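This document starts with one chain, in the form predicted on its own, laid out as structure tokens.
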């Protein structure tokens, strides 16, 4: 799959895609629809191909997108069997036909759009904001550089859902197991030296299902588009709970 530049513009090969289609308003079973899209520029991303389909071939194709830079986390989807963000996934190197499906184990609203209400309910349940009993200072709450470094590898999460929906434990127990994304953020606040509710946060997580359904399969780490490690964060929570008992 190459791009050949000529004096009159770009001569491109074609990208072959198979995309999951489902419209509950029309009924029927989901299908995989084939499309061909021209490879129009070097470094073309999968989101560029989806945009070409929607803008030029089939305006009914439905998917989420926003920033296009891997920051908003909107366009999480399953790409050739691996969850990822379409906007930062290069076309080059993807096996064709590129098979695109919605994130697994979530209800499909339409095509590649899934219902993330439960995912965000779980995120909200860990109270992802600073909690403190001391009076609010006149200026910011200070941290040492060492304390600040403790939350590296967790605050960068964009809540795309790729990790959580790649986790078999969440597929089977998603009603009770919080999943990698929520637990990564729980650990972020447990580690934050400015937060004064670490004990209460740990109490909330000490549950056979909320936390301990993680069996370190590590799918979450493998697919995270920000190269974060939720498995490591979950292990830290477990070790912190154990240390508290000793």
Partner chain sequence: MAYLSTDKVEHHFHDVVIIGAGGAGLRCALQLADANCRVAVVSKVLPTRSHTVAAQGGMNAALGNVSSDHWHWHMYDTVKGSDYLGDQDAIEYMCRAAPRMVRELEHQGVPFSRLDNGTIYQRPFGGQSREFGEGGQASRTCAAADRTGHAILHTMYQQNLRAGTHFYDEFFALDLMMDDNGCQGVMAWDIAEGRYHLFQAKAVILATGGAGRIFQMTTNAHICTGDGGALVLDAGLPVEDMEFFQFHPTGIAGVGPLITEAVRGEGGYLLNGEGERFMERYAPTAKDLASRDVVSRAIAVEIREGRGCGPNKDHILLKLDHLGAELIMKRLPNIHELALRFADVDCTKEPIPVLPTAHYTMGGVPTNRFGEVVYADGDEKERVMESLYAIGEAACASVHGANRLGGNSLLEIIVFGRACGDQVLKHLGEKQYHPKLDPDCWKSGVARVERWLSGAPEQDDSVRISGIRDEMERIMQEHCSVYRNEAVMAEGVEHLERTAASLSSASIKDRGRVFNTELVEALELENLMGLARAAASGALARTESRGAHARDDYPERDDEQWMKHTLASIGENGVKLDYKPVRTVPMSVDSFPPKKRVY
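These numbers were taken from a predicted model, which means no experiment stands behind them. Residue numbers count along the first chain shown, from 1.
What comes next is about the form predicted together with the partner chain, which does not appear here.
**Q** Heavy atoms within 4.5 Å of the partner chain in the model of the complex: does residue 71 have any?
**A** Yes, residue 71 lies within 4.5 Å of the partner chain in the model of the complex.
**Q** Using 4.5 Å between non-hydrogen atoms, is residue 101 touching the partner chain in the model of the complex?
**A** Taking the distances in the model of the complex, the answer for residue 101 is no, it never comes within 4.5 Å of the partner chain.
**Q** Residue 79 near the partner chain in the model of the complex, any heavy atom under 4.5 Å?
**A** Although the partner chain is absent here, residue 79 would stay clear of it in the model of the complex, with no heavy atoms inside 4.5 Å.
**Q** Is residue 34 part of the interface with the partner chain in the model of the complex - any heavy atom within 4.5 Å?
**A** Residue 34: no contact with the partner chain in the model of the complex.
**Q** Taking 25, 140 and 143 together, does each of them reach the partner chain in the model of the complex with some heavy atom inside 4.5 Å?
**A** Checking in the model of the complex: 25, 140 and 143 are all within 4.5 Å of the partner chain.
**Q** Please determine, with the chain shown alone, which of 210-218, 197-205, 63-71, 175-183 has non-hydrogen atoms within 4.5 Å of the partner chain in the model of the complex.
**A** It is the stretch 63-71.
**Q** Taking only heavy atoms into account, state which residues of 119-136 are within 4.5 Å of the partner chain in the model of the complex, ordered by sequence.
**A** 120, 123, 124, 128, 129, 130, 136, in sequence order.
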